[in-house]
Every structure is written in C-alpha cells, then in structure tokens.
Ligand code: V55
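Okay, so here's just one chain, in structure tokens, the form predicted alone.
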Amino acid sequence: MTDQKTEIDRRSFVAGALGAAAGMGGLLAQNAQAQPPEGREIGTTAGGAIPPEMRRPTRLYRLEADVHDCEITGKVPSDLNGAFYRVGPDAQYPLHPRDIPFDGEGHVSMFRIKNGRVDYKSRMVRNERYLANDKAGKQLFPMYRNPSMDDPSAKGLSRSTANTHIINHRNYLLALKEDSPPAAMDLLTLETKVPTYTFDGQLPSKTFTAHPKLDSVTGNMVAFGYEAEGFGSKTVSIFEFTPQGKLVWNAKVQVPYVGMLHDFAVTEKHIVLYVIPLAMDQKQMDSGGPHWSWDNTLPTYFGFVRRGGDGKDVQFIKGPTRSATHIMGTFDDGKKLFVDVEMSMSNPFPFMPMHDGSRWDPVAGSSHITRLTVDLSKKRPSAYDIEQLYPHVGALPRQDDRYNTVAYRYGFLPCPDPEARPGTGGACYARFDHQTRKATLFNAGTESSLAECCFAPRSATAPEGSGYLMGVATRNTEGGRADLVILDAEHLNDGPVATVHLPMRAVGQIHGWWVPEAQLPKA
C-alpha cells in the first residue's frame, strides 16, 4: 500500500471518488500508479505532509452547458417532476499546486425533469470571488481558506467559492460554502441574482453552513455559522429562518477549539455540534498551506444545546479522536439523543495534511455509518456511546429530507459492494432500513463511479422512503461521460427505471438537492 501511488486530479476526485471514496481510502490504492508532474514541488507543508500523488496541477473544465431534451433509456416516472441540482468545485483559473480538491469556484448543474423529459443546464456561480477573478484574468484566491495568500486586490471581498451544497429558499437557489454567506441564484436559469446573500441583512454570522436543515414540521431552515465572528473565531452562531425568510431565533456558543464543523444535527428540541480534530493550523497557513490539518492529539467533542434557547445551556462531552463530517439522520425520544453519522478513526481525506507530518492512513480513514447516543436523563452526561451500524464503507450519507428533524427509518449511501473483493465489486448505492438493520444495493459496475445520491419522494405526502433515488454516474471507460441514474428507492436492486444520458462529462459534484415541481417558480 505505501509503495503504491494514486493519480487523482481535482475533477476526477470530486466527480467520483469523493462520492464513493472520501471515506474509503482502501479504494484509492487500486488506481494506476503515477508520478507527480515534472516541475511541481513535492514534499511536506509546515506541520503536515500532503502526499505527492495529491499534488496535481489544476485541470480546468468550466464548461457551461445546455442540453435540451436529453436522451433517455427507460422511462422517467410520471410522478417525478422537479429539478435535481448539483454543485462542486471547478477552478476558474489555476490554483496553487499545494491546494486541495475542495477549492475552486462553484459550478452548479441542474437536471430539469418534467412530464417525462429532462433538460440539463450548468452555470458557474458568479459571486464576488468569480467576478474579481474574471476582471483580473487570473486566480486571486490560490489557497483553500488561507486569506494570507490572496492577491492584495481581493482584500475585503467575499472569499466564498459557493461550491459545496445548494438549497432552495424564497424562490432562490442558495449556493453554499461554510466560510462565507451564500450566493443566490435563479432556480430556473441558474443566473446569479445576489452574489452575497445575507437574508436581507438578517444573517447573524459572517459565515453560513453548507448543511442547513429543514424542520420537518414548520419548514423553517435551521442553520449555523462557525468562525462566526471572524477568521479563527471560536464562536458558533445558530439561527432559524422561516420559509418566508424571517429570522426567528439566534443563539451563540463557544466551541472548545476551532475544528471543522462541516455538518450538524437538528431535532425538534436540540442542536448537535460535533467538533472533530481537523483543526485550524495557523503555522501551516503561514507557510502557504490550507486552513486545516488533522491533529490526532485532539479529542472530539459532542456538543448539544437546547433549540430555541439562549445557548447558555450548551454542553460539550469529550470523546475519542474520530472524524464525522456528514449526518445521515438524527432524533431524540425524550430520554436519549441519537445522531447517525459517517465516522472514521482518523483523517478521512487523503489530501488533507496530517499535523504530525505522518502519511495518510487509508484504513483508519475509512468511514462507516455510526450511531452516537447521549443519555439525556443525566443532567451532565460525561460520555456518549459509539455504535457502528453497518459494515459498508462510504461517505456522503443521505435521507428522505422530509425527516431532517424527526425520527427516521431509511438512509442512503454511496459505497462499494461490501461482499466483493477490493476492486471487483463496483460502485453502489445502499439503502439502509434501521428498523431491520438490513441493506439493499444498486451496483453500477466496475466501469462507473457514483456521486452522492439524492432522494425525491413520490409526492409530498408519500410514506418515508417511497420515491426515487438519483445520482450521477461517471462512465470511466467513456472518457468520463456522465449519466443521471434514476432508481425506485424501494427496489434499488432492480436497477434504474430511467437513465438520462449526457453527451459529455458533467461538472464535478460534492452535494446535490432535489426541488419538487410545487416549489419551483413558474417559467
């Protein structure tokens, strides 16, 4: 394993490997050996090693595309109408060779599905960063979340890449990056309407999460911002907006240290913040490196606070060193608080530096769906339970988003076939039934990779999990050409009910979002 090098460029990682291998490092070793490009500096950053195989020159794509009435194999279900949106990094101009694949300007794509037909559209997010780069004709923000590397002409501008997630709100599509406010786009044209969206001046934070949650009862959007009072701040601002955009709650808490708070959990009564040791590394940034490094000397902290309160009751429970970056689902029963996450023993990202200079460990970096439980009957709980739920290795779990804040039964995950030998099983989507603890799989085969999936209910009132699972398959033997696969979520092993064919590659994806027809504006 240590003698084998992996060729992963920025786009292929985001388009495929991130969806099914951000937490499954063992698969990385199966790729072909490759030497770093000539002339590129290799070695270590201050405080941590970036593997030479991750040091790739930026490969620009930037193809803004329109494909009308896409070719389809099978039949798009008559009760599937709406839009499936995706977003990922797509560097506008070359980035620093030491930069990481999470960087690059946001590129949003949309599969517009209506009456059995599908149109595809993609557009770059034209926010402050994009517009400044475009005017200068070069990259002004060359390093991930390191403002000291910015061109002086960019001082005071929003650094948001808007490349991590999207969500619809007040007839806008918000393009999200957790170090900045969102950018607001037109839901149908993908035109950037508001480059820096602050909810009409109500945003009580300098930052906004990439993972807001929609309340299962009220439809309110619950969100947070970490480093909320400025770069390196330990303050986390938690807040809630109505569907009409009114701020109805805000509280602030202090975290034990500045670590990545990429996702969070929300129930009807609680907010959960899980602090992991991907910690801000000032020494590394001073040397020209990225914002984070993995510090295996730091513990995790399971933090929870009463939703709707003033934040003074926040509790942080110290736990073992782990990573947990994405939530599958969460709930509380009045006695216990349950949070289901992807969890690894160590750094899940092969390109993220290790603080102690060690090499990334693909075994410790592999993630499994894990349940964290806190006993609420204790006034000051001192520990939380950790239980691995399934053998599947994977990252980017999803659920039926109508159940974001209440008890749920079904979850979904991109993963390899857990019963196949490494390299032989193909990329899969798994559906988990937490009631029976059983899983069913869709296997896309060994010649395709799968991005994160997204669930679309058959109707607003359909039972949980009754609907369609969709995601983009990259056809690795066809030059990276992309297809959208649409599956019956209750019968994944039957294969796609429809496959939407693109004539080219699709822009890379980190996260995706489904908007049903009723929530889209009229054309």
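Predicted model only: the values in this text are computed from it and were never measured. For every residue, the number given is its place in the sequence shown, counted from 1.
Not on display, but discussed next: the form predicted in complex with the named molecule.
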The named molecule in the model of the complex has a heavy atom of only one listed residue within 4.5 Å, and of 111, 102, 197, 412 that residue is 102
Ok, 164, 443, 267, 284: which has a heavy atom sitting within 4.5 Å of the named molecule in the model of the complex? 164
Would all three of 144, 177 and 326 be in contact with the named molecule in the model of the complex, where contact means some heavy atom lies within 4.5 Å? yes
Within 4.5 Å of the named molecule in the model of the complex, counting heavy atoms only, one of 254 to 262, 135 to 143, 122 to 130, 372 to 380 shows up; tell me which. 254 to 262
Answer yes if any heavy atom of residue 507 is within 4.5 Å of a heavy atom of the named molecule in the model of the complex; otherwise answer no. no
Would residue 349 count as a contact of the named molecule in the model of the complex, using a 4.5 angstroms cut-off between non-hydrogen atoms? yes
Could you run down 453 to 488 and flag each residue that has a heavy atom within 4.5 Å of the named molecule in the model of the complex? none
